[in-house]
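Just the one chain here, the form predicted on its own, laid out as structure tokens.
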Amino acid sequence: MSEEKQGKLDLNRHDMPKQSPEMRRHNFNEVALGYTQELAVAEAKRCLQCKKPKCRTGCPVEIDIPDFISYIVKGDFKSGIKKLKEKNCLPAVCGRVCPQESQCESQCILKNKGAEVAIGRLERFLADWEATQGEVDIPLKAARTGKKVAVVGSGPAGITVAGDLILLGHDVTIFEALHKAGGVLIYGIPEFRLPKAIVAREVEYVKKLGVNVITDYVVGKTRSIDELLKEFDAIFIGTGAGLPWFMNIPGENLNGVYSANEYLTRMNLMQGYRFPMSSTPIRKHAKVAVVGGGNVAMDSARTALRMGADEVRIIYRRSHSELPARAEESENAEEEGVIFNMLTLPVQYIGDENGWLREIECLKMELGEPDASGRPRPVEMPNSNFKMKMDAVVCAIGNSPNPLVPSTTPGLETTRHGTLVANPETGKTTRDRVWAGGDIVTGAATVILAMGAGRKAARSIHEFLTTGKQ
């Protein structure tokens, strides 16, 4: 890079205001407060407007990143959000929960200087600005084709497919098993990281486009895929990965042992944290351990703190540098007071005479040679057993797809992990006129990757509906 070019670089990445750790650990309000207009414009001005922007190639839904940022620089926020929503119907969500640091921002040329442009924060700014403007602009739709598409699941993949196909002129109906649409966005991610009102706003936008959303409808029980194929021309399956994993160690049936799915669903979708204003109580525990090191583990631990726990610990079998959670999430957890027990493995849960958890027996670990994931393999240290007093544990070690749809759909092939077999570029499954994408294909992954899969599937479905080629 030339000296002249280097002299123009602004390496002052602007922090986003947020609640202090002392305040936020006691409430469920959003932690990050977003950019002001002044901060957004200042951050946008740091973008170099590269002739060949690598950030765009790092985005799974192909957002024209330099273009929407250029509108922020001009103060033309209306054109900025319009440009953003050409490729992303969930900008307020993605701006909050996407791992931009490993996708678009990782490709920013300023990354080499440790000062990549805060693309996700700018995306969030535009989405939040639009929400203050009253009526949202609805893009023009293609002429109706008369073709009907059923989308099973209203998570990020399903919403993206629905949003893309409705604009292309097809009739789209989303079938959601739970009583609110949004999938993992509504049941899995806590209020303090992704407020439910924002998810509802994004779902409402898709409805305004003309998508029909039917809740409390369990495909595989209410109606099968084969029955839906009699009414619809194509089907997209985006039912996610909602089957929790456990460690299969003694004591997992004790009271006080939760899967992260149950714990977070009760808190988020059913608003257990608002009891008695909500009708879903959840016991307040004094000492809570969360097993796992991903974003879901951080969400669970931070939720337990807000529920009034005196002590919350993350138990993870590798070291801190191998944590799969976003650095931002683990840092927030530490700031709020979560204690990290690294290189530690639970081997038994011990209960009291009433069947409630009272202790966790653990082993110390050390790191060995890299395993198939490329990370150092955790190895048990002999005779290192110790016990921790705990009255609750949340198991957050991963999920598989719910087997309901595959088990009720003959000819729909699955892998040994229970995920659906689907073409990664088109989403086509082994059944005619059936596509799939998101976590039900990849296993538990990120919101934006599910959206990227939804976009690819929408293109393939549209081609089929307009040409008959599958």
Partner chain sequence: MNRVIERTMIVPNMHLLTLEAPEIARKIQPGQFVIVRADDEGERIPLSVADWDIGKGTITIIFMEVGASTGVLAGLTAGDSVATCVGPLGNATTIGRFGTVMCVGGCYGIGSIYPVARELWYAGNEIIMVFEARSSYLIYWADRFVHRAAKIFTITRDGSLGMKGHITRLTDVIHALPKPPDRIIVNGCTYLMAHASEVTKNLGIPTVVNLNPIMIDGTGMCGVCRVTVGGTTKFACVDGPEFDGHEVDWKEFLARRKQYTNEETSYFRHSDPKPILHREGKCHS
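This one's a predicted model, so the numbers in the text were calculated from it and none came from an experiment. Residue numbers count along the first chain shown, from 1.
Unshown form predicted in complex with its partner chain; subsequent notes refer to it.
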Every residue of M270, S278 and I282 near its partner chain in the predicted complex, heavy atom within 4.5 Å:
yes
Exactly one listed stretch (175-183, 334-342, 191-199, 108-116) reaches within 4.5 angstroms of its partner chain in the predicted complex by non-hydrogen atoms, and it is 175-183
Counting only non-hydrogen atoms and a 4.5 angstroms cut-off, does W356 reach its partner chain in the predicted complex?
yes
Just checking whether D371 would be counted as a contact of its partner chain in the predicted complex - the rule being heavy atoms within 4.5 angstroms.
no
May I ask you to check whether V257 falls inside a 4.5 Å heavy atom distance of its partner chain in the predicted complex?
yes
Applying a 4.5 Å heavy atom distance criterion, does F386 contact its partner chain in the predicted complex?
no
Only one of D310, E262, E366, D137 has a non-hydrogen atom within 4.5 angstroms of its partner chain in the predicted complex; which is it?
E262
Select from the listed residues D216, D76, E380, E86 the one whose heavy atoms reach within 4.5 Å of its partner chain in the predicted complex.
D216
Pick out the residues of 208-232 whose heavy atoms come within 4.5 Å of its partner chain in the predicted complex.
D216, Y217, V218, K221, T222, R223, S224, E227
